[in-house]
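Encoded as C-alpha cells, the following chain is the form predicted alone, with no partner shown.
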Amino acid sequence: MRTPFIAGNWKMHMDRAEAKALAQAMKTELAGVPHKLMVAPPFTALETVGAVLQGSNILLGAQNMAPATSGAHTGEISPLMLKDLGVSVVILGHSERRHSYGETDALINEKVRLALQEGLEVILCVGETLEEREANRVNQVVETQMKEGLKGVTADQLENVTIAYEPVWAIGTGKTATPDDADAVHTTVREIVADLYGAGEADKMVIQYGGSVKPDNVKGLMGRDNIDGALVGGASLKTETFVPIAQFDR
C-alpha cells in the first residue's frame, strides 16, 4: 500500500505572522492524521513555519531551489540553505515555474538531481496545457517531462521522488480534471515509471494530483487506484479547506 501524500503549496501568499498562525492551526487540527503531510510556505516564512512544525507530523517543504549549492546566483536559494532551515521536501518543475519563468526540462533535471544528491525529497511536477490536451498530446507531454526530469536519477533515489500530475488548465482556475481523466494520466505516469525503472518501482511510486483540489472533490479523486495524494494550491491557504482535504478517508 502506498501512503497518501497531501502537500500544500502556499505560493506567494502570507507574511511571517500570517504563515505562523496558519501553521499553528494546521499543527493542531492535523495531529494524528495518518497520511504523509507537507506545507511549502514562501522562502521568507520557512524558518518561522519550520519552528512551529518542529516535532509535528507535518513536513516543511520549499517551492523551488537553485541548481547549485552556492555561488554568484543572484536571487537564488540553494538546497543547502533549505536544509539549514529544516526543509526536507522541495517542489520542482511546477507549471508556474515552467510557463511563467521559462524553466526547461533540462534545468528542472539539474535541480532534481542536485536535490536528491543533497538528501532532499522531490515532488516533480508534470502536466499539459489546454492547447496540448485539445491536440491529444497529453501522454506525449507528460512522458517527455518525466523522462527528461528523471534523467540520471537512480532506482535507489526514486524512493525520494513523488510525481505530481497538474494539468495546467486546472491550476487556479476552479476547473478540475474528472476523476476518470486524472486517473487515466496517473496510469500513464505509472506506466512510464515502469518503463524506466521496472514494475516494482512503479508500484511504489506515489503520484499526486494537483489542480483545484477542494474538500468536495478530494474523495472522488483519491478513490482512484493510481491517485495517491494531492498537491494543493489555493485550498491550502485556509484550515477550513486544507484540513478536510488532508483528513480524507477513502
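Residues carry their position along the shown sequence, with the first being 1. As the structure is a prediction and not an experimental result, all values here were calculated from the model.
Separately, the form predicted together with 2-phosphoglycolic acid (PGA) exists; it is not shown, and the next lines address it.
- With the partner omitted here, the residue from 146, 108, 171, 120 that has a non-hydrogen atom within 4.5 angstroms of 2-phosphoglycolic acid (PGA) in the model of the complex is 171.
- This chain lacks the partner; the member of 103, 96, 132, 76 within 4.5 angstroms of 2-phosphoglycolic acid (PGA) in the model of the complex by a non-hydrogen atom is 96.
- A residue is said to contact a partner when one of its heavy atoms sits within 4.5 Å of a partner heavy atom; residue 41 fails this definition for 2-phosphoglycolic acid (PGA) in the model of the complex, lying far away.
- By the criterion of a heavy atom within 4.5 Å, residue 213 is counted among the residues contacting 2-phosphoglycolic acid (PGA) in the model of the complex.
- Under a 4.5 angstroms non-hydrogen atom cutoff, 2-phosphoglycolic acid (PGA) in the model of the complex lacks residue 16 among its neighbouring residues.
- Using a 4.5 Å cutoff between non-hydrogen atoms, residue 20 does not count as a contact of 2-phosphoglycolic acid (PGA) in the model of the complex.
- Of the candidate stretches 134-142, 68-76, 88-96, 112-120, only 88-96 has residues whose heavy atoms lie within 4.5 Å of 2-phosphoglycolic acid (PGA) in the model of the complex.
- Contact annotation for 1-34: residues with any non-hydrogen atom within 4.5 angstroms of 2-phosphoglycolic acid (PGA) in the model of the complex are 9, 11, listed in sequence order.
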